[in-house]
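Read the single chain below, which is given as structure tokens and is the form predicted alone.
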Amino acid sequence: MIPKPHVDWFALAPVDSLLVAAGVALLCAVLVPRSWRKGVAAGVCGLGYAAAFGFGVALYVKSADGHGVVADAFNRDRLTALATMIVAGTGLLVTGVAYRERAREDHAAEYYALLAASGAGMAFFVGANNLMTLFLALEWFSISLYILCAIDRDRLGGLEAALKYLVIGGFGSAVLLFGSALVYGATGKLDFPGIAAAGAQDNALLVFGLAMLIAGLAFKASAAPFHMWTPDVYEGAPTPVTAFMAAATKTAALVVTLRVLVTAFPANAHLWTVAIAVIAVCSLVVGNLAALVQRGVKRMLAYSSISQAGFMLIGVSANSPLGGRALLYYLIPYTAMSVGAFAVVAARERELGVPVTFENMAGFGWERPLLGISMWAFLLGFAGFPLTGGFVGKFYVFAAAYEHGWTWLVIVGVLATLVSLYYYLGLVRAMFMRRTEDLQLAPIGGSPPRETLLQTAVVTCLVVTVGSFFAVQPLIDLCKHAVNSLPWGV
């Protein structure tokens, strides 16, 4: 008989809960009456993400000594658990934001099934321990996102966004796959510790494969110069899908980048630290300068996302436990700010029925005080103002770069922050310092719709954004224990 590897089902519980939710949501498409279909599917998706979050917490508590499971193809450790918690929390919030989205009801159940399936792929992706698992999980959640972008056939922008995402995302996946093949050819190993132990750090094939792996992961992280798909896809996709991509996809890509580089390529750190630092600088320059001239809010937030990837990559480039803690901490308020900002954009889109621009956000802070004040807090968090988690996140990544001896990178980051004030505060000005009479488009139906789930999601994001500033030490301890899962953890 062929020996079967032991399967740690508890380690796979977050993934399995989301897969079950996706399957049940698909059954809703054929077994549940049309009038109930959307509500039942959304509830199932939300329960799946809530269960995944709960299992992530349990795994964090019970995985002090990380180890591989399923023939060492998957890591059961606190880094995987923390990343799963962030992805699951993002998915739960996005489920609420998406519930009142204006779209055809033909594929409502399929929408939530794909949302749960993509989250399952990300939960598997962040725990990958070999190149094969890495690529399979990447395609798993990417294909789900391609379909989500185009699921509303009435949105021509969504169809265009999905096609661009498919073509460019497929190219990025091919680059990563080819890089994986080169690394395997140079080392004869697929697992990350095995690649590090092969001792082939001076092999040209390995170095070239490493470069292609970094490029492939940078595509998913929306880091320049591999960002070309981001503005068009973020703008054209349904806004809740954009929120999920901006927060969850970036979290998964950056966590996996940290794990792969530190675990599989420690002997090549003198190469990849410089490469990541250059990508970080490119992201900061391209993201901030391009955002200055945007008038559409979603497009501005897309370039802001590229810039934020640059800040987080500074932590990766430091190649130190402090840099790892900085990245993981930064991801917590960043995901809240991203989901919250796009949720506010979704609310405004539903009021006006047109794309949201700086001009038609005039007076929004006075018309919808809760959403306006929340958006103000999210924008200040992106800019790194005190009383938000964004301030502490930037401080920590700068501290990691300074400890590494890269004062020049800190200076670039500070200058990028100063440039970003123009467009972040420009939107705040439009919401609070322009007369409501400047707005030419009245809300559909005469009054803003009541969206309890969306407002609850926004308030939750606001609490995390501000709360992460005051709960720094518990969150840093959380991140420190997760970073200990990597070879250089202390």
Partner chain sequence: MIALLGPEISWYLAVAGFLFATGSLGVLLRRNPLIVLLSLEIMLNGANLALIGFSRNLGDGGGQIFALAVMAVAASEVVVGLGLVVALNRKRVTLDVDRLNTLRG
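Given the structure is predicted, the values throughout are model-derived calculations rather than measurements. Numbering follows the first chain given and starts at 1.
Beyond what is shown, the protein has a form predicted in complex with the partner chain; the following relates to that form.
- Partner proximity in the predicted complex, defined as non-hydrogen atoms within 4.5 angstroms of the partner chain, places exactly one of 282-290, 124-132, 334-342, 88-96 at the interface: 124-132.
- Screening Val278, Ala211, Leu370, Leu190 for any heavy atom within 4.5 Å of the partner chain in the predicted complex leaves a single hit, Leu190.
- Listed residues Ala215, Ala198, Leu136, Ala269 were compared with the partner chain in the predicted complex; Leu136 is the one with a heavy atom within 4.5 Å.
- Remark: Glu160 counts among the residues lining the partner chain in the predicted complex, judged by a heavy atom distance of 4.5 Å or less.
- Taking the partner from the other structure, the partner chain in the predicted complex has a heavy atom within 4.5 Å of a heavy atom of Tyr146.
- Residue contact with the partner chain in the predicted complex: Ser320 places no heavy atom within 4.5 Å of it.
- When contacts are judged by a 4.5 Å heavy atom cut-off, Asp232 counts as touching the partner chain in the predicted complex.
- Along 160-194, residues Glu160, Ala161, Ala162, Leu163, Lys164, Leu166, Val167, Gly170, Phe171, Ser173, Ala174, Val175, Leu177, Phe178, Ser180, Ala181, Leu182, Tyr184, Gly185, Gly188, Leu190 each place a heavy atom within 4.5 Å of the partner chain in the predicted complex.
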